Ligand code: CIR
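Take a look at this one chain, the form predicted on its own, written out in C-alpha cells.
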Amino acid sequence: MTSSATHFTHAITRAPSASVTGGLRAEDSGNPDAAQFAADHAQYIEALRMTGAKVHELPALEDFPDSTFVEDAALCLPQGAIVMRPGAPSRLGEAAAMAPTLREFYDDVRVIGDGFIEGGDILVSEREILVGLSARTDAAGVASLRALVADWGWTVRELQTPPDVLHFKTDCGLLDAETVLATSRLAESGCFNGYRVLEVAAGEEACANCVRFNDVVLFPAGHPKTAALLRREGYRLAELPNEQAALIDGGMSCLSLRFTANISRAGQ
C-alpha cells in the first residue's frame, strides 16, 4: 500500500545560481563551489527521475542565493499548495517567485499571511502536519498554516526545533507512513510518540535529513553506519553527494518540492 506522504508523481527543483556561494549559513565553513554544486544538483535530479518522478526544473534566480532550496518556499499537499513566508528576509522573494509555478499544478494555491514559516520546519505524515518552531518559523506562522489547511482536514501539531538547529527537518526525515529517521536529540524530545523511530548513528546526525520518494530514500553520502541500518530495515537508498549544499545548511529535502498534483493539466 502506497502512502501519500512518501509516494508522489512530480517534483519541482531550481537550478543553483552562481550566487549560491553567498548563501546563508549558521557557521562559516567556506563557500560552496558553484560548479560542483551544479553537478551534484544534476545527480539529485537524476535520482528523482529514477524513482519515476516528473521533474519540473526551474531556472536559477541570481538575486536569491538560497533559492535552489525550494522546499522552504512552499508546502505541497494532496489538496493544494501553500506559499510559505520565509523567516529570513532575504528569502521572501523566493516564495513569491514560486507561486506561479504552483498554480501550474494546483487548482488551489493559498498564501501564508501572518508570521513566518519555512518548509524546512514542516514534516508531513499521513496523519498530521508537524511544524517545529525555529529561528525561521514562529507561532504566528504556524497559526496561519493551521487556519489555511483546516478545511482540507489536516491537523497541525506545533513542536520545538532543538536549540541551535536551523530547521526541524535538519534532524529528521519520514521513511514511511509510520517510521521517522531522527537524531537522538530530537527523538528524545518525545515529538514522535506514536511513530516508529530509527535513530541515526552517533556522529552521523547530518544524514537525518533524508527524503523518501516512492520506493527510494534519497540519502546524503558519507554516513555508512546509518545507511547500513536503513538497508537492514529494508529501505532502498540512493546515496547522493551533499557536501556543497551542507556548506550553506542544505540537505536532501531542501532541494525539491514533492507532490502529486491535483490539476488536470499536470500530466505534462
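Computed from a predicted model, the values in this text were never measured in an experiment. Start at 1 with the first residue shown and count on from there.
One more form of this protein exists, namely the form predicted together with the ligand; it is left out here, but the text below deals with it.
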Practice prompt. Name the stretch: of 188-196, 166-174, 105-113, 146-154, exactly one has residues whose heavy atoms fall within 4.5 Å of the ligand in the model of the complex.
Written response: 166-174
Worksheet item: Taking heavy atoms and a 4.5 Å cut-off, does G120 contact the ligand in the model of the complex?
Response: yes
Worksheet item: According to a 4.5 angstroms non-hydrogen atom cut-off, is F69 in contact with the ligand in the model of the complex?
Response: yes
Worksheet item: Closest heavy atom of L24 to the ligand in the model of the complex, within 4.5 Å or not?
Response: yes
Worksheet item: Is R85 close enough to touch the ligand in the model of the complex, meaning at least one heavy atom pair within 4.5 Å?
Response: no
Discussion item. At 4.5 Å, heavy atom to heavy atom, what parts of 82-111 sit next to the ligand in the model of the complex? List them in sequence order, or say none.
Written reply: R91
